[in-house]
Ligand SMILES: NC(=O)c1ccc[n+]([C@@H]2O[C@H](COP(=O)([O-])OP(=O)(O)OC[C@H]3O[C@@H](n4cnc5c(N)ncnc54)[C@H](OP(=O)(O)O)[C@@H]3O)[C@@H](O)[C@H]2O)c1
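What follows is one chain in structure tokens, specifically the form predicted on its own.
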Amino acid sequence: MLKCFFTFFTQLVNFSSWFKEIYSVAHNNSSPKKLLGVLIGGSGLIGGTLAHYFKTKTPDEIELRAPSSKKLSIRNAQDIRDYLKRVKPDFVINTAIANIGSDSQLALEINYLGTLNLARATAALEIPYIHVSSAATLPNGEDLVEDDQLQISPKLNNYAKSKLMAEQTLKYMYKNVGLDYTAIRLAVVYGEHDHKIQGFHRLFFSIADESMPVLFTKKKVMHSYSNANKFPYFVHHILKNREEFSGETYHFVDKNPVELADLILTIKSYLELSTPREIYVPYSMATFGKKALEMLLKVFSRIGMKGGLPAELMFLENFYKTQTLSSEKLRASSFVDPMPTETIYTKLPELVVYYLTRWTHQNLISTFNESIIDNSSMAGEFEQTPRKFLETIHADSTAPFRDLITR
């Protein structure tokens, strides 16, 4: 009798274990696997926007890690191999770039060799690789398509040359080693949370700081613009639709290009400034002035005074020539614009408030109309009546956070 009971109990335990295993398998099959991605260049505007999107919009679907350069240096091939081998990601996104004014060595190591080694690693792991490129790889002109490209030449600046070489190597690896990649070209990028003053935000800063007395462009010069806030939605979409987007290059730009002079004058009106005046400086005069300033800075450097012109001035020619990118391929794809009416003009009010507040806090500018920014009453009390403010905090706002109390 005892033996029969023992046999029955053993079979019951085995059946219970079998049932749990079947349930676990069924449960796991019904729940999609959470993807793990690695983001290179997470401290920049595009990288930071991507990190914020995947953290807030897809926490149960995708985990995105953005290692610092101390953990993974894109300049070190062994770092790339060791990190990706250890983490075993499902995809890699590369938004890292060397500063546009970097010398040939740094541009080569970050923009080209870094891209190459990431591509070699992702090809070996057989995972998607999303590469962020630039309109700097394109010639000037109107309605440029994805197949348009500059010719590689020693005359190209280091930034354009390295980004162009990266694009061509990715295409070569797609055809010859089966790399699953998508290249996304951005034009003039705009958006919040850019901690560096560069690109469009350099232009905006120059206007706000009243350091642009006249217009360094000419009428009817048009450029394309890329919305940083929309970009993560596109990356998310192409990760979910690899068959459509693998091996392809896309221009991620707003549908309609923008006239540079009109944009400058619109920003000026928002800031209620008197400059820049609507006087168009010829290109020859602008280049002469640039060279004169460069010579003057060299003289100052000999007596211990350091300074430099914005790196963006290497693209001074682009201020006088049209470059617009076609968005036809993007609009013909399965991607649906999440904010179809949002443009650089509709975003300007938010950008003005955000950047004026930031630059004011950093004591970088102070000449604009301060009524544009709605300063909080708390900040006003802190500045004007600090003793009273301190007493208010002590009386009402020093209790421990109740939701963190564990006992």
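Note that residue numbering follows the sequence shown and begins at 1. What you see is a predicted model, and the numbers here were worked out from it, not measured in a lab.
A second form of this protein, the form predicted in complex with this ligand, is not displayed here; the remarks below concern that form.
Of the listed positions (Leu186, Leu170, Ile264, Ile130), a single one reaches within 4.5 angstroms of this ligand by any non-hydrogen atom in the predicted bound form, namely Leu186. Scanning Ser69, Thr357, Thr343, Thr58 against this ligand in the predicted bound form with a 4.5 Å heavy atom cut-off leaves one residue, Ser69.
Using a 4.5 Å cutoff between non-hydrogen atoms, Tyr181 does not count as a contact of this ligand in the predicted bound form. Under a 4.5 angstroms non-hydrogen atom cutoff, this ligand in the predicted bound form has Ser73 among its neighbouring residues. When contacts are judged by a 4.5 Å heavy atom cut-off, Gly37 does not count as touching this ligand in the predicted bound form. With a 4.5 Å cutoff on heavy atoms, Thr95 counts as touching this ligand in the predicted bound form. With the partner omitted here, the stretch from 74-82, 138-146, 333-341, 238-246 that lies within 4.5 Å of this ligand by heavy atoms in the predicted bound form is 74-82. Contact annotation for 40-56: residues with any non-hydrogen atom within 4.5 angstroms of this ligand in the predicted bound form are Ile40, Gly41, Gly42, Ser43, Gly44, Leu45, Ile46, Gly47, listed in sequence order.
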